[in-house]
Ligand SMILES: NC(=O)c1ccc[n+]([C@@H]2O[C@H](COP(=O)([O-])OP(=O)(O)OC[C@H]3O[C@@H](n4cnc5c(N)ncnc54)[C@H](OP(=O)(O)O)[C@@H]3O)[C@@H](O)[C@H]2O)c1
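A lone chain, given as structure tokens: the form predicted on its own.
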């Protein structure tokens, strides 16, 4: 039995799809099981569990051999994922594939990288077999730019001319599925990137071509971006952590390119051009348009 957390999210749902195609027994862990009604129709067992309530996790992990660990960004993320790891150890889970982040490190000046580094260390010390997936910025993050692209055809960041090897969440999920179903990935840390590192000006050009309208990247001072994010309703702790991450990108940490996805999945990772064309042809394309209301 393989348990998938975050089963209705961008990466978790794609992991489910890959595992379903392999006809392996799957259990999806959700805080709200009603959101997983569509999963039950595919013979996937849906169970309720909450990382912040450890007493709900033991039953969910009963009989589970392997698990995919993913949690949303949260101020209590270390506590949440640690609770899961502790429960997995109690229930005899043999292997956890953890979704981490590029450059995770307990000594990182970036909050997200530091948190994931601490959780990785916790998992490694648990005695459970582990695999860490460290993706670069997800291509799907361009969805966060939709409101300003729809309003003004612009999106705003504070990373200058930095290059980033964006990676498709579907490719990350494909790697996770392999690690959960094939041997040889234990005690491995995989850095997952796309095939090329590009600037956000190039991202804007690719989006322009895909959507058939001019899209521009506007570099702004960090303090301006922070205020805009706060005005949009983001929590200040999250905004500050995002700005720390943007600083890492501005300093070149996202430029790394690896061949790991191709080596593990035996297929070429999705290019940003391919991703943008898929996005433009999807139902989500309308939210990038000022005619979407």
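Positions refer to the first chain, counted from 1. Computed from a predicted model, the values in this text were never measured in an experiment.
Not on display, but discussed next: the form predicted in complex with the named molecule.
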With a 4.5 Å heavy atom cut-off to the named molecule in the predicted bound form, the contacting stretch among 99-107, 156-164, 193-201, 178-186 is 99-107
According to a 4.5 angstroms non-hydrogen atom cut-off, is residue 2 in contact with the named molecule in the predicted bound form?
no
Non-hydrogen atom contact residue 61 with the named molecule in the predicted bound form at 4.5 angstroms
no
In the predicted bound form, is there a heavy atom of the named molecule that lies within 4.5 Å of any heavy atom of residue 19, even though the partner is absent here?
no
Answer yes if any heavy atom of residue 257 is within 4.5 Å of a heavy atom of the named molecule in the predicted bound form; otherwise answer no.
no
If the cut-off is 4.5 angstroms on heavy atoms, which of these, 234, 45, 50, 65, is the one near the named molecule in the predicted bound form?
50
Consider the chain as shown here, without its partner, and state which of 143, 219, 94, 73 has a heavy atom within 4.5 Å of the named molecule in the predicted bound form.
73
In sequence order, the residues of 129-144 that place a heavy atom within 4.5 Å of the named molecule in the predicted bound form are 135, 136, 137, 138, 141
